[in-house]
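As C-alpha cells, one chain now follows by itself in the form predicted alone.
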Amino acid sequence: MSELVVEVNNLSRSFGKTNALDCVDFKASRGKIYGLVGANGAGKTTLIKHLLGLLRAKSGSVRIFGEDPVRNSQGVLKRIGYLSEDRDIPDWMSIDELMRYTSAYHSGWDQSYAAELLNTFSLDSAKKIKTLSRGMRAQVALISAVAHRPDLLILDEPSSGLDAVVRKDILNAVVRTISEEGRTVIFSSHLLEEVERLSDHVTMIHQGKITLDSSLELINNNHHCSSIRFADPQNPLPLLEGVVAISGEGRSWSAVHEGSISAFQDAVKKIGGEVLESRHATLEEVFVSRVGRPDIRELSQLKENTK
C-alpha cells in the first residue's frame, strides 16, 4: 500500500447555517495527481484551508504526513508548496528578490531548479513583479511554491484567468514533473478537461459532500454515455439500472450510466428500446450527472412518476 500523504476523516465544517463540508473523507497517496472539482462554493477551498492548517478541524480529523497541520504547522508547512487563485505575491519586489526572500524560509530550496523554471517560462529575474502580466505573475508564484521541491503541492484554481499557453506551461512542465519525482499534487479546478488530462485520481465535491472519489481510470471505464431509441414514445421512461442521469423525450433519449455497455444494452432491449451508440462519458458529463443539475432532477422526477 502506498504511503498516505493526506488523510481526512469525517470532516465537517459549518459557517453559520451553511454546511461547507459534510462528513468528508479524502486520502492522497505519494506520487499521484489528485484533481478536486466542484462548482464555486462547493467546499473545495474550505477543504484546502484545513489541509494547510488555516482552519482547525472541529469535527473529524486532518492529518498531513501523519501530523496535525494546526498543531505542527511548522513541520507540515515546510513540506508543502501552495499556490492560491489570487497568487498573492509582493508587487514591490523584483523576481530575484522574491526568490531570495522565499528561499530563506526553505532549507531545501533548489536554486538551480528555480533558475531552470525561470528560463522555461522566459522570465527576467530583474523585472519588478508589479510590471508582470497576469500569466507571468502566476508563473513566478508557482516557482516560489515549487523550487524547494515540496513533498505536497497544493494548487487552488491555478489556471484561473490564464491563457492556454500559460496553463500548459504551468500544468504540464511543472505538475507532471513533480508527480513523477514521487511527490503528490492536489489541484482544484473548474476546468474539467484540464483535470481529465492531468489527474490520476478525481474527487468531486458538491454542497460540501463528496459525490465521487475514484481513480480517473475507473471513472472512465465505469461511466458511459449512450443514445437510446424506442419504437414508441416513452413518457415516462421506464427505470434503467445503473443510470446516473438521463435526458430526452418521446422516442429519443440520452443517458449517462455506470457498468458495462453490454449489460446496459440488454436492459434497454428488455423495455423495448435499442442503444444506437455508446461511448465513454467525458469527465464533464460525469460531473454534471453527479452534482444535481437539470438531468439529475429530471431523472428523480421520472422515478417518482413510475412508483
Partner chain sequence: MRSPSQALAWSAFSLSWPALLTQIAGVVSIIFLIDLAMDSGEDTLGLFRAADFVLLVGLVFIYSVTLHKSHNVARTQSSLGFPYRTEFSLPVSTHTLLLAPLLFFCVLTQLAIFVPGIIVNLLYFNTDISIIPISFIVFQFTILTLMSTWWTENGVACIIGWLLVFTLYLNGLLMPEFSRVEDSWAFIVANPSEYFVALIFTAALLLITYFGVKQQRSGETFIEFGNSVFNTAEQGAIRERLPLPIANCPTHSSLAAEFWKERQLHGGYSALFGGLTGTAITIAVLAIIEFTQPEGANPELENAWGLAVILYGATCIGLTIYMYGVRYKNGTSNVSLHDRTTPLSTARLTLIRTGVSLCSALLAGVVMLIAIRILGPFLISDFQSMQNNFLETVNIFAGLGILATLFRICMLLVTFLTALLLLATFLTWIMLKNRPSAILSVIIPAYIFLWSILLMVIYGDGDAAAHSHAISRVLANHLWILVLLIPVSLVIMMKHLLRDCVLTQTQMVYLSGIGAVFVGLNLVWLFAANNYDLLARDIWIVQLSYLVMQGLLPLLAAVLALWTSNRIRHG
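Residue numbers count along the first chain shown, from 1. Between two forms, the rigid core is the largest collection of C-alphas that superpose within 1.5 Å. What you are looking at is a predicted structure, and each value in this text was computed from that prediction instead of being measured.
Only in words, not in the display: the form predicted in complex with its partner chain, which the text now covers.
- Contact annotation: its partner chain lies within 4.5 Å of heavy atoms from the stretch 65 to 73 in the predicted bound form, the single such stretch among 276 to 284, 65 to 73, 249 to 257, 34 to 42.
- Put simply, residue 82 is close to its partner chain in the predicted bound form: some heavy atom of it is within 4.5 Å.
- Although the partner is absent here, residue 198 lies well away from its partner chain in the predicted bound form, with no heavy atom inside 4.5 Å.
- At a distance threshold of 4.5 angstroms between non-hydrogen atoms, residue 101 is in contact with its partner chain in the predicted bound form.
- In the predicted bound form, its partner chain lies within 4.5 Å of some heavy atom of residue 90.
- By the 4.5 Å heavy atom rule, the three marked residues 54, 97 and 128 all count as contacting its partner chain in the predicted bound form.
- Between the options 168, 134, 78, 229, the residue in contact with its partner chain in the predicted bound form by a heavy atom within 4.5 angstroms is 78.
- Of the candidates 206, 106, 190, 149, 106 is the one whose heavy atoms come within 4.5 Å of its partner chain in the predicted bound form; the others do not.
- After superposing the rigid core, the C-alpha of residue 91 moves by 2 Å or more between this form and the one not shown.
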